[in-house]
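This document starts with one chain, in the form predicted alone, laid out as structure tokens.
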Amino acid sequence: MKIEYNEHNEIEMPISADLDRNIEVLEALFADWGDIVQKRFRLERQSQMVDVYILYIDGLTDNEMVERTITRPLLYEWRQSEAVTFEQLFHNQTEAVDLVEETQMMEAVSAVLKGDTAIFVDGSERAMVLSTKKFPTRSVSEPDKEAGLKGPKDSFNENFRTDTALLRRRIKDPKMKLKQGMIGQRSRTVYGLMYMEDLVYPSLLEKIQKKLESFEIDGIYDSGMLVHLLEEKWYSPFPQVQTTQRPDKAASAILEGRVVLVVDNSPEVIILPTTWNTFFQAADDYYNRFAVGTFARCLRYLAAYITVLLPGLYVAITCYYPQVLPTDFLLAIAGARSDVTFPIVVEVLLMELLFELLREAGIRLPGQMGNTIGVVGGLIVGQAAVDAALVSTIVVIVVALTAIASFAIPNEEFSSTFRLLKFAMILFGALWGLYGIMLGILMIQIHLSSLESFGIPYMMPLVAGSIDDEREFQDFVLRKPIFTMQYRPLYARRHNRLRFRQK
């Protein structure tokens, strides 16, 4: 039997009252499916015989639940005095709570593909769909990209319902809503928008939904794919949406009036909108004393500038302005480079590329082997390069300090941007000296000032900071004590920003 699909890869066909017709369609759809389970059996009560057909996918479905709630009640616990009708099956005989009826074949098939069980009854133009999902998934574990000494140790995993439950566990408020949808014509990936109904701006929610509905794609396999589709300026090296593995961080964003986008099959959720400052914030900042959190955040900002500027400044100063260096330090640099044959810019680029290769190799290698290669490889190769007079010891120190600073930035995507920009700053410093460095900084600042994340300026509160006076600076570089942070950020509705009050 040939099945016809519409332009959205869907079947436009109602469920037929003829069970044989439905079975013919389903067998054509699931032909060559070795993991499909189909069972047709006949119920006979009061001299009445009705055929029932059950369909589910082995591996995505809880087989024991199907046996307990469908097969056993229908075959062995059916009372002889009751007639066999769809209504009787739906309301009385099937021992399940999460049970719905569908009239379209595509809806029933989609439910089966999600791990549910479809039940068709001869003579009825409806099908029962029972929620029996049981996906193969890993348990809740510690976050590996956003680890911290204090705070919860759980993280999101690839199960959509587990991720939403982790957020529900933290925010027990009926005003936290979850709008579910599906994206990907073939993957049919489930996503959910979680937000506080009284805090989020309706215009922000509408803008996000329109963005999700503005494109069609075959499949979405991870939230990282949606990140690129949601960003307004795709060419920018700076991420315009934020991702996190930590449920506590996502819950905090929801209570600030932001929207969290949960994507099935992804261990990270997306937070919308975002600003430059949020990438420097870590969950530990709010669990430690405010002085400790402020100091750590200042170090992160300093680390960002070191990552971008230090190699370029070294090239610019040693090539164009050696006279500004102390004499002893200048003599040390000259002595270290006495046997090096490469120019300074080539020397710095060579070592930077070497460290980036070691970092990439450490990520790809399994487990502890990757950490060992990253540390030992850097020491051995760096020392060998110095002994071979390819680079000087000063350059090794500069590149190592730059690499250490990049690890201090809590968001890996944001850190990657700074690692990329440092190569541009090295070239600018080699071409035009300090003028090139200043030109590079100016270009970055202009670009950052032009970015927006769903209507929020990327550089808030440095730009348009007078909207709420000094409130927006309470959680900027300096993190104030919790009891002084009485108001939510500007993401929340203006009339509902008070979040802390003394009794």
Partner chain sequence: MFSENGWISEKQVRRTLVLPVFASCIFVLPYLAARLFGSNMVWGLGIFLLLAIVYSSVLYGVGRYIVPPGREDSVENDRRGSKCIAGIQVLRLSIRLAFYILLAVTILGEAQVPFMRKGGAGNISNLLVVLPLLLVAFYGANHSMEKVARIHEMVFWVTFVPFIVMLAFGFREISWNVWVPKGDMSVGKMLLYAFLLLACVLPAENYLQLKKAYNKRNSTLASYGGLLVTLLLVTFLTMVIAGIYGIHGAAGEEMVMISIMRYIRMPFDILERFDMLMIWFFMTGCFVLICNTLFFVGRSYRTAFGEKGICWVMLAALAFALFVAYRFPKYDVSIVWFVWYGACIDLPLSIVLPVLDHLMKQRKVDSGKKKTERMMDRKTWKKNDSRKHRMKERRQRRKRKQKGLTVTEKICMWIFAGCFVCIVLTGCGSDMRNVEQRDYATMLMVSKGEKMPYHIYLGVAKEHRIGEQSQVENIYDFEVENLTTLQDIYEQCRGKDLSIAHVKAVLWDMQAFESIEDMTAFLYEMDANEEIAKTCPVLLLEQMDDWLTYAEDAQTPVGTYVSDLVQAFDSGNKRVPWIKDYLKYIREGDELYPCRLTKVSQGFQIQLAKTRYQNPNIE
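Predicted model only: the values in this text are computed from it and were never measured. Numbering follows the first chain given and starts at 1.
What comes next is about the form predicted in complex with the partner chain, which does not appear here.
**Student:** Identify, from the list A408, I306, L99, L204, the residue with a heavy atom within 4.5 Å of the partner chain in the predicted complex.
**Tutor:** Spelling it out, the residue with a heavy atom inside the cut-off is L204.
**Student:** Heavy atom within 4.5 Å of the partner chain in the predicted complex: which of M443, A28, M49, L478?
**Tutor:** The residue from M443, A28, M49, L478 that makes the contact is M443.
**Student:** Report yes if all three of E232, M438 and P461 come within 4.5 Å of the partner chain in the predicted complex by some heavy atom, otherwise no.
**Tutor:** Result yes, every residue of the spot touches the partner chain.
**Student:** Please check if G219 has a heavy atom lying within 4.5 Å of any heavy atom of the partner chain in the predicted complex.
**Tutor:** Because no heavy atom of G219 falls inside 4.5 Å of the partner chain in the predicted complex, the answer is no.
**Student:** Would you check, heavy atoms only and a 4.5 Å threshold, whether Y321 touches the partner chain in the predicted complex?
**Tutor:** So Y321 counts as contacting the partner chain.
**Student:** Wondering, does L354 line up within 4.5 Å of the partner chain in the predicted complex on heavy atoms?
**Tutor:** Outside the cut-off, so no.
**Student:** When the contact criterion is heavy atoms within 4.5 Å, does V112 count as touching the partner chain in the predicted complex?
**Tutor:** Looking in the predicted complex, residue contacts with the partner chain do not include V112, since no heavy atom lies within 4.5 Å.
**Student:** Specify the contacting stretch among 400 to 408, 101 to 109, 196 to 204, 146 to 154, defined as having any heavy atom within 4.5 Å of the partner chain in the predicted complex.
**Tutor:** Among the listed stretches, the partner-contacting one is 196 to 204.
**Student:** Note that the partner chain is not shown here; using its position in the predicted complex, name the residues of 385 to 421 with a heavy atom within 4.5 Å of it, in sequence order.
**Tutor:** Sequence-ordered list has one entry, T393.
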